[in-house]
Ligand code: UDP
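Below you'll find only one chain, the form predicted alone, shown as structure tokens.
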Amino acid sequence: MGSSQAEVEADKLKVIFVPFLSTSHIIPIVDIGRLFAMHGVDVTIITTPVAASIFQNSIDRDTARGHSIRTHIIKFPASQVGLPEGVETFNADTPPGMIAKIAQGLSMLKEEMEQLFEDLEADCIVTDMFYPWTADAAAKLGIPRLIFLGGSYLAHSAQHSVKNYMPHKEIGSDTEKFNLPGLPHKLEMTLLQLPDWLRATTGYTYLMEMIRDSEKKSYGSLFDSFNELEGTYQEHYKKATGTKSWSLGPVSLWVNQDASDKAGRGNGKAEEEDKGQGWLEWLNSKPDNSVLYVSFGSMSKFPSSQLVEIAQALEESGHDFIWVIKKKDESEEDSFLEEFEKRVKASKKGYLIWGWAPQLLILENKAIGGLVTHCGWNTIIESVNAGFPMATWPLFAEQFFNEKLVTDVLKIGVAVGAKEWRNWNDFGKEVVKKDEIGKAIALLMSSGEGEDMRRRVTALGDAAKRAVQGGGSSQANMLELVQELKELKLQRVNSNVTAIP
């Protein structure tokens, strides 16, 4: 006799996902949740209303496809921490005074989340690295916890190297180069390119130590990467840290198969916003591989002095370009950008997108030939998928380490020449001059070195597609992980049964 539907449902592996409240963290972990659901897992994503609005359309589409996935919304305690309703996520425009309040609001949700893990009968919790407390919550329930680590294996390996060997303590100046010991490649950096929390002890240093401790207590870590991209660093990382880890990427390639998925990724309102799709008509009028795509992600901002240099470099490069640029505050005086936009529109040489852009759809267009990027990991992965070389301009977080992977290890990019790490909500002191930017663009779009980079990145793009298909490395990792989690659940259920007298 076949088992009843209820028994099948009861037997289903239940996994809870907890994204951190910033777009660049939300996007990949939600995609991983969707990936689990594609593999027959029952998935619940716990988040707040504003964060949910970023991805809810994708979840609705997946539910319509018959996947067992939903969002469980918990109210953010805005008024209790003195925030206006609707301010609950971190992005480039979050005023510095509100950052601590959002963090405080998040910590107030801890007990409610812990209760949910129990009420929803989770068999496993997958959480962003910024929730180290979930390691103890999972241990209390006797279930595995997986930590999602944003960024590359190389970046996390490099941080581990700096913490362990402290090579930056041996040098005489901020700009003197030093080697990162113990890594598979010879990689050099300067003190100014290291995150401030690695140079000296800050509050963030302690948070990172809590995150590393929570990783040691976890069942393992998940990365949005794949073997052919950085398998060497995956193996190195597992050895160096003594932890289990799975590459499940590129997740955006895997779960965003149709145009509606791609259009909405990272912005729930995208479909209503860009009905005109002027950028698409503009791109379709351009020759293949001729357009430069310039974007610095959801967390970056520049002073006017830097925007002027970028604008002049783009205009003088002679290449067509699409530039995604932050919407301005009313107070900001960037009238030169309006003049610039009129000029490049009239000459049909450039197209400015203000605010958010449907990056996956843009990168699919044959007219794109290369990217100028801040080296955020989501964008690096997306440009590799699409087969585009990069001009790298790291700003904060682990981006200077990611740059090393692109320029020195994979040789699929050229550095613009950014010399100084800064905090994500800070303009920094450095202004990269238009000549430096222009040089990088010329090399990127050239038929010489640019062509070599393009050939290498195209091969990696093909490998990315194979990784997520049947028999591919990420596909195999995903199947292995789900199987392991099912076995752990079975062991737990059996030991509970024998424990009952």
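The model shown is predicted, which means the values in this text are computed figures rather than measured ones. Just count from 1 along the sequence shown to find any residue number.
Although it is not shown, the form predicted together with the named molecule is what the next lines describe.
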remark   = Of the candidate stretches 108-116, 179-187, 353-361, 340-348, the one with residues having heavy atoms within 4.5 Å of the named molecule in the predicted bound form is 353-361
task = Name the residue from F76, Y219, F388, F396 that puts a heavy atom within 4.5 Å of the named molecule in the predicted bound form.
result = F396
query = Which of F130, W421, W323, W377 has a heavy atom within 4.5 Å of the named molecule in the predicted bound form?
reply = W377
query = So in the predicted bound form, does N256 come within 4.5 Å of the named molecule, heavy atom to heavy atom?
reply = no
query = Do Q159 and the named molecule come within 4.5 Å of each other in the predicted bound form, heavy atoms counted?
reply = no
Any non-hydrogen atom of S298 within 4.5 angstroms of the named molecule in the predicted bound form = yes
request  = Please check if D123 has a heavy atom lying within 4.5 Å of any heavy atom of the named molecule in the predicted bound form.
outcome  = no
remark   = Across 18-49, the residues having a non-hydrogen atom within 4.5 Å of the named molecule in the predicted bound form turn out to be S24, I27
